[in-house]
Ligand SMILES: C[S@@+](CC[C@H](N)C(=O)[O-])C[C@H]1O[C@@H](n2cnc3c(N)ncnc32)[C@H](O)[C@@H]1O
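Given as structure tokens, the chain that follows is alone and in the form predicted on its own.
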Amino acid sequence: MRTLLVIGIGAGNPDHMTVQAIDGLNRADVLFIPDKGAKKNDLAELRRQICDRFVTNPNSHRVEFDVPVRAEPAPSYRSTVDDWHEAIAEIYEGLIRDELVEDGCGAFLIWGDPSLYDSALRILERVRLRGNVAFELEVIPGITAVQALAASHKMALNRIGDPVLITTGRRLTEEGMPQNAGSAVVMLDGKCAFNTIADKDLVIHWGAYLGTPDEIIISGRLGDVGAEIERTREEARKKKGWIMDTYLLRKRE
């Protein structure tokens, strides 16, 4: 039976690669490299650099594939994402069927960790439920942007006896700062949702391109640095054509 490895490759720094992840890359006959278009070519290039640096298996080869662009949410966010995942599932199924022999091993290289705000595992489950190709699945964890954010700001995510909540920019806009947690890590925020928060005394720790030479970090009272973060983020996005960032909001003790 085919084997698929879903490998967490870290937040953007090749040094984030674990020994387990490197071993996984070298087990694979085929390394699947997603291409999200010219604006995000850096993301595919980093995967190539990781393979160049760590893969020593002479029998492996790479297969690059295009990732469809997600439509704007309409009529609803969930239905839009569902349609997008279905389109990617068709691509995954074709890759598994056409590129892997029956007892072959393939690897998908996933930013951060496959279990934290990534859809590869859900999409592969769609493929499995279709019943057209059979495979065994192995997941190799990786360093997340959340860990890299805490390391770059030299802080612990939690305070003593105080829970941490992980949420999205969309939920932060809809619901505000969670009341049941003193700290909230916000991911997938493309619209600077922190500026919609009424409590400007919150502390924000923000980071982009974490762990890479292009890393940018800013922290301080939200009312003091919110506009600076938004401006810095937009300038960086225009310069590179894309941005990957996350942040932690914290209530004052």
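Source: prediction; values computed, not measured. Each residue number is its position in the shown sequence, starting from 1.
Although it is not shown, the form predicted in complex with this ligand is what the next lines describe.
Heavy atoms within 4.5 Å of this ligand in the model of the complex are found in exactly one of 22-30, 203-211, 218-226, 61-69, that being 203-211. This chain lacks the partner; the member of V133, A87, L116, A150 within 4.5 angstroms of this ligand in the model of the complex by a non-hydrogen atom is L116. For the chain shown alone, M244 is a contact residue for this ligand in the model of the complex, at least one non-hydrogen atom being within 4.5 angstroms. Proximity of W111 to this ligand in the model of the complex: non-hydrogen atoms within 4.5 Å are present. Using a 4.5 angstroms threshold between heavy atoms, L100 stays clear of this ligand in the model of the complex. Proximity of A145 to this ligand in the model of the complex falls within the 4.5 Å heavy atom cutoff. Using a 4.5 Å cut-off on any heavy atom, the one residue of 1-16 that reaches this ligand in the model of the complex is A11.
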